[in-house]
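Shown below, as structure tokens, is a lone chain in the form predicted on its own; questions about how it binds or moves come after it.
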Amino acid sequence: MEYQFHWNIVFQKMPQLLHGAFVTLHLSVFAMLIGIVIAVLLAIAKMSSSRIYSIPATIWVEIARNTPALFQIYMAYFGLGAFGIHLSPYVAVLSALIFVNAGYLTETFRGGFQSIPKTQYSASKSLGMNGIQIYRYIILPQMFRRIYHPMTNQFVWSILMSSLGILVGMNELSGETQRLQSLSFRTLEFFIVAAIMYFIITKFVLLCASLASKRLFKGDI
């Protein structure tokens, strides 16, 4: 039997889908921004000669990079619940994405740090800068410049992986799509539109990142 598409119901529910897309986007932005801050600290800790700092950072990175993101979400939502810590679906997914983003970005940042000649550290110290000033004015700007594109790719990954929130009842784009199609039984139509929306979101993010790089780095990265 030839399948009959019915798009009217999807267009009628577009406000709900757009709301789900907005949840997906700001969830991913928060997960990325917080993940970046944590990853910088973890990268510095992992490069430290002190095992007090390097060992916990290494454990974080190894767990984040070698276990599925789905596992992190389940642990945040169901695992912590076993200990009486009950997180909302949004907070659980956000926490899991932060954990994974920080783990992956740590290795990216560590490579960026190590690509900077050590002479710049000694030269900065000779100018009277302390550790915080060296990282703020000399090291971090160069590091972010060198890992800008991998960091953008991680942001896209974060957007796509947020769809796993559907498994803990979160109403991001995938969750909202699942809810709406279950009420209308127009599965194919809803998920085709959702896929197109994910495509548009990721392409929009990449376009913004490209424009930002030209402005921030004068188009030479």
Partner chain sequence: MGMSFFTPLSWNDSGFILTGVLNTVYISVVAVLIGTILGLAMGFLRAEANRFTNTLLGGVLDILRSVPLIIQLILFSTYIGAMGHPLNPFVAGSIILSLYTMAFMSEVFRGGFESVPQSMIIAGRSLGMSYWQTVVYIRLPIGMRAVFPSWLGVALSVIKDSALVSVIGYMELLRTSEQLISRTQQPLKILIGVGIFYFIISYPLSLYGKYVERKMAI
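Residue numbers count along the first chain shown, from 1. Since this is a predicted model, take the numbers as computed values, not measurements.
The same protein also has a form predicted together with its partner chain, omitted here; what follows describes it.
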property	result
Its partner chain in the model of the complex: contacting segment from 77-85, 90-98, 116-124, 139-147, heavy atom within 4.5 Å	77-85
In the model of the complex, the residue from 195, 37, 47, 55 that sits within 4.5 Å of its partner chain by heavy atoms	195
In the model of the complex, residue 30 touching its partner chain (heavy atom, 4.5 Å)	no
4.5 Å heavy atom contact, residue 163 to its partner chain in the model of the complex	yes
Interface membership of residue 104, its partner chain in the model of the complex, 4.5 Å heavy atom rule	yes
is_contact(residue 199, its partner chain) in the model of the complex, heavy atom dist at most 4.5 Å	yes
Residues within stretch 63-86 having a non-hydrogen atom within 4.5 Å of its partner chain in the model of the complex	63, 65, 66, 67, 68, 70, 71, 74, 75, 78, 79, 82, 83
